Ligand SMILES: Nc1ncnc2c1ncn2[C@@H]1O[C@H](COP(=O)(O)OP(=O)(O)OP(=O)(O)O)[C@@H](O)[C@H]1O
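Below, in C-alpha cells: the form predicted on its own, a single chain.
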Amino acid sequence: MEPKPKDESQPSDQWPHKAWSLLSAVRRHSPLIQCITNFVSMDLMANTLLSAGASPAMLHTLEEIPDFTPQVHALCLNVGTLSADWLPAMKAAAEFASKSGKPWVLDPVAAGASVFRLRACLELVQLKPTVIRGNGSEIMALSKASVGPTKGVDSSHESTDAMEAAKALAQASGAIVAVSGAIDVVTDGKRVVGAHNGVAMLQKITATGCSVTALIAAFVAVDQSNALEATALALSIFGVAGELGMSLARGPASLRMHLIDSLYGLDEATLISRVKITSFGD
C-alpha cells in the first residue's frame, strides 16, 4: 500500500522541535547581525537580538561598510527613518553581503507612503534580499509598485489579505516574503505557511515589527539553506515570547520588558508546547 500523502493543512509536530533546535543554534553561535535601521527601533532591535543570543551591530556609516559588512553573519535593513544620506550605505551593505554570500533581510517600513520611499525600497529589492518582512500594506505596495493611502507604519490590511501579493513579490524577487499580522504569513511564492503565535498588544509597542525582522536575520544566519522555515520559526518564537510576556504585563510598557525577559528565558518545553505553525497549502 502506498503511504497516504501528508495533510499539509494540519499543524506539523516537527515545527516546535525545529524551533528549539534553531533557537539553540542562535544561542550557540551568537551570529553577528548588522542592522542599518531607524532611530526609533535601534534599542529594542538590539535588545531583542541580545536576548535571543545573537550579537547586534548598529553600524550604518558608508565608509565602514567595506571593512565591516563582509565580516557579519547577516544584514538587516530597515527604512523606517529613511534619508537620502543613509540609502547609499544600505545599498552598499546589501551588495557586500550578497558578494560575501551572507543573507540579508529587508524591512520596507511604510513602503507606499511616498514616491521616494517606494523607489528606495524597490531599488533595494533589486539587490536580492534573502527575506522581505513587512505588514500587509507594505507588501502590497511593493508588489504593486504603487504609492497609496497609508496609516504611517501601521497596516491598513490583514496579513491574509496580502497573501497573493506576497506570493507574487516572492516569485518576482526570489526572496522569502513574510507578512506580519494576526497570523504571520510566510511564502516562497509557492509554499505558504502561517505562524499563529503572538498577542495584539505588541502593536502598541513601537519597533516590535522591526525587532522581529532582526530576529529573522539571526535565524536565517544559522540556517540560510532553509530560509522559509527559519523565517516562520523566528516569527513564531517572537510571538511565543509576546504571549508569555503578556501573562505578566499590565500594559504596553511592562509587556516590552517582559517580552525581552521571556525571549531570553525560553526553554525547550515551552517552545514545544506553544509554537504553532501550519501550512496554507499551495
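In this text, all values refer to a predicted model and were calculated from it rather than measured experimentally. Heads up: residue numbers just count along the shown sequence, starting at 1.
Another form exists, predicted in complex with the named molecule; not displayed. Remarks below refer to it.
Contact annotation for the candidate site: 129, 177 and 231 all lie away from the named molecule in the model of the complex (no heavy atom within 4.5 Å). At the 4.5 Å threshold, heavy atoms of residue 115 stay clear of the named molecule in the model of the complex, well away from it. Of the heavy atoms in residue 72, none are within 4.5 Å of the named molecule in the model of the complex. In the model of the complex, the named molecule sits within 4.5 Å of a heavy atom of residue 206. At least one heavy atom of residue 212 is located within 4.5 Å of the named molecule in the model of the complex. The candidate stretches are 133 to 141, 164 to 172, 118 to 126, 93 to 101, and the one lying within 4.5 Å of the named molecule in the model of the complex by heavy atoms is 133 to 141.
Interface residues of 168 to 198, taken as those with a heavy atom within 4.5 Å of the named molecule in the model of the complex (partner not displayed): 180, 181, 182, 184, 197, 198, in sequence order.
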